[in-house]
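The chain that follows stands alone, in the form predicted alone, written as structure tokens.
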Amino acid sequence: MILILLILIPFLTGIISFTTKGDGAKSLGLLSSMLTLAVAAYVSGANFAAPITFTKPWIPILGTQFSLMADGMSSMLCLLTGIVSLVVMIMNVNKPVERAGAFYGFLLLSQAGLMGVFLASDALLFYVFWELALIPVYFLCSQWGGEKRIPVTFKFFIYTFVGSLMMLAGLIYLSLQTPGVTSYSWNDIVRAGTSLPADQQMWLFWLIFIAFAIKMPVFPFHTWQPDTYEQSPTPVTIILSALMVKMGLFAVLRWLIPVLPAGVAYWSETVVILSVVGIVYASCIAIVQTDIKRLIAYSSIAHMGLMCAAAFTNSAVGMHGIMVQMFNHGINITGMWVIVSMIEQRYGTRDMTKLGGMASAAPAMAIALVIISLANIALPLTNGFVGEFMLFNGIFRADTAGHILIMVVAGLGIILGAVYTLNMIQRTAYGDAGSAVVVKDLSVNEYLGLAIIISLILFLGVYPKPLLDLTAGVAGMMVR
């Protein structure tokens, strides 16, 4: 029953929020996020002997059940969702929002969908929550986004909708292969997929993988991402970048690699090459950006490319590193978007050629920018280092042809990442002030939100054992 609360709390409060106005909607969103985080922390911190499960009949005629399961990976991602959602609510406390009831209602419904995606152990239920997470984001982007929000949101919708339909077709095909009766349960889907001939697994792989590749996103399915991040309001950009990209990677680990092992083995080298190309491509594009928001968007593509590459290298340490880095990347990228939002609000621009002097005008904000930025490029003793080291270790140990060359090329992402990140810090925090605007330092709620982010960065950088222990049991089970 505890798992139901992770979905019901944000879902019900999201529905109620549509009838609430102004500060009432903010307070409801904040309270809901605090309660959800408390439940997620309990699920992640409790020493259960086995994964927690919850199953009830749902649509028997379709062979589907309302089935939830929380293992180390699922509970870790639910915890990340709870933390990020709370930070979003805290950072928005002192910011006016038009039609606040609908805005926070959509945010909470999206959170409910994300929790469902990470917990679902029935394929049809997984698809329902996948759409529940995405649809509110579409409305948030189209109604509260920037000047170009309509064409950008339309592109985002087309990409995700086509991918979702392909995934649904693949899942239905798998459900029909279950012996004796149609079933969407994870165990039956795995049995059906692994029993298929290799040639069927090869084409079915792409039918399902493309939906996940779009969501991560993996090169060349990434073109929706920079524009969508740029045009979305900051809370939505955070949800997209910190949480929704993890939906795609999580789905690869849960619903693709165990289900179609022959297809994964055949196409793994192709996916790894695409991922590594994406790392270098996105990093090079990030270097020439002057818009700080687009720079971070491309840096996120590079980070996700490294995680995707490790996912297809069939390495236990790499798989473990992915789970650790999913959490850490979510924390770090949330911090980056929070800082960008504060810069834009204070300076009235995201153009780095017009910024500068933050270290003298707003020293606390500058310190936060430096710490979070260095964590984002995996500086030792920050949380990003441990996971990234494990990812490269996994790629180095992989049985993929040319794995050492792949690791070297992927390693260029570290160098290029340092280049554009240090350049961004220099142009934003130091040098001469590029604007006559009087810049205020952090407000109370901003101190609190950044304190949560920075505390996790430093704690998990020095002592990552809790996160490693939480995900250790799942990693070894994913190696073919």
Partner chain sequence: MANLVYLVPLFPLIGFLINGIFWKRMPKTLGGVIGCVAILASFIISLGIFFEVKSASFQGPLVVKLFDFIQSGNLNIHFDFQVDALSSLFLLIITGIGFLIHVYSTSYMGHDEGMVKYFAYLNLFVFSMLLLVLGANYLIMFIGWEGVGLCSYLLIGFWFKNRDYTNAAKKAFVMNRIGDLGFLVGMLLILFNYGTLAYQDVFAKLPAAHTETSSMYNWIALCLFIGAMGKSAQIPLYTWLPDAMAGPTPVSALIHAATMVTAGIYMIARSHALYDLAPMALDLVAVIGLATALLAATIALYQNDIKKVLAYSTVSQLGFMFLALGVGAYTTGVFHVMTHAFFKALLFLGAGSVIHAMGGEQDIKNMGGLRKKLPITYITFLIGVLAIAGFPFTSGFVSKDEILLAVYEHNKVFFYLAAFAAVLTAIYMFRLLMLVFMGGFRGTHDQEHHLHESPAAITIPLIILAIFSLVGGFVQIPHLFGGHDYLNQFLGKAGVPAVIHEGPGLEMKEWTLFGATCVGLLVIFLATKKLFAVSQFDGNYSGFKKVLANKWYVDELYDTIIVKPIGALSGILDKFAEKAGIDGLVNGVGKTVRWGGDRMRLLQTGQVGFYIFIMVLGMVALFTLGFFWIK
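Residue numbers count along the first chain shown, from 1. These numbers were taken from a predicted model, which means no experiment stands behind them.
Separately, the form predicted together with the partner chain exists; it is not shown, and the next lines address it.
The stretch that touches the partner chain in the model of the complex, counting heavy atoms within 4.5 Å, is 358 to 366, out of 202 to 210, 358 to 366, 268 to 276, 327 to 335. Although the partner is absent from this view, Tyr42 stays clear of the partner chain in the model of the complex, with no non-hydrogen atom inside 4.5 angstroms. Contact annotation: Asn393 falls within 4.5 Å of the partner chain in the model of the complex, judged by heavy atom distances.
In the model of the complex, at least one heavy atom of Pro464 sits within 4.5 Å of the partner chain.
In the model of the complex, at least one heavy atom of His320 sits within 4.5 Å of a heavy atom of the partner chain.
Among Phe106, Phe250, Phe126, Tyr298, the residue placing a heavy atom within 4.5 Å of the partner chain in the model of the complex is Tyr298. Interface residue among Trp186, Phe389, Phe139, Tyr173 relative to the partner chain in the model of the complex, by the heavy atom within 4.5 Å criterion: Phe389. Contacts with the partner chain in the model of the complex, taken as any heavy atom within 4.5 Å, map within 212 to 235 to Phe219, Pro220, His222, Thr223, Asp227.
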